[in-house]
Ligand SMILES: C[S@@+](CC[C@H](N)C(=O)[O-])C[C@H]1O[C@@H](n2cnc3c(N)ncnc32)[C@H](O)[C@@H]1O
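For reference, the chain that follows is the form predicted alone, supplied as structure tokens.
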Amino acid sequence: MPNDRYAAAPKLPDGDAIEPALLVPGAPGPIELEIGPGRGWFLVERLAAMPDVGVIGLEVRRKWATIVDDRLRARGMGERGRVFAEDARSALGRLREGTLSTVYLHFPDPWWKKRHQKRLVVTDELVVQAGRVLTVGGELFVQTDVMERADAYERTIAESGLFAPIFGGGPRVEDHPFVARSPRERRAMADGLPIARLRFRRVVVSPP
């Protein structure tokens, strides 16, 4: 069996009530989560722009989780930013409830064929778990350049009953305030492609 150079990719600690603040102990302010950071440039830019913020990434590909986690450490950001080789669809449920200020999903679900539907990231269950880990008032931000996907995401998030648009006019916004941009976002902007950006906040759910 060939040697897997990424077999030791960073993983979340054991347990089902992981405290995000302990993963990024150098962050004095809010803790954010990026689902699927890929090559990690949004995460790097976000940490550079916001010195009080901590950001955790959950990246299913062990190669990129390792590379980006090492990159953060090399840039002196390793105490405020970490990337773990985890599938967010299962890992979110292991984070302690109400501990994150923002959850980001940048251009998720690139698969088009029906046989790939089981690999979709933005599902009913993921939205529920995102709502569970966010503080009340915390933000769920999703963006895509595929308008059909944007429609589906908007419905899924709204139907969960856990979120409301940040602004009264609906969740879609022209731009976002996060300073950093993912490489896909930059490329879409350079190519003049429309981008659907959805901003939702976690709301208090009244008991039935």
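The model shown is predicted, which means the values in this text are computed figures rather than measured ones. Position 1 is the first residue in the sequence shown; the rest follow in order.
Omitted here: the form predicted in complex with the named molecule. The next part is about that form.
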Query raised in the report: Does the 4.5 Å heavy atom contact test between Glu34 and the named molecule in the model of the complex come out positive?
Result: yes
**Report entry** Contact of Leu58 with the named molecule in the model of the complex (heavy atom, 4.5 Å)
**Finding:** yes
Query raised in the report: Quick one: is Arg89 in contact with the named molecule in the model of the complex, heavy atoms, 4.5 Å cut-off?
Result: yes
Report task. Could you confirm whether Pro183 comes within 4.5 Å of the named molecule in the model of the complex, counting heavy atoms only? Result -> yes
Requested in this report: Quick one: find which of 158-166, 58-66, 22-30, 172-180 has residues within 4.5 Å of the named molecule in the model of the complex by heavy atom distance.
Outcome: 58-66
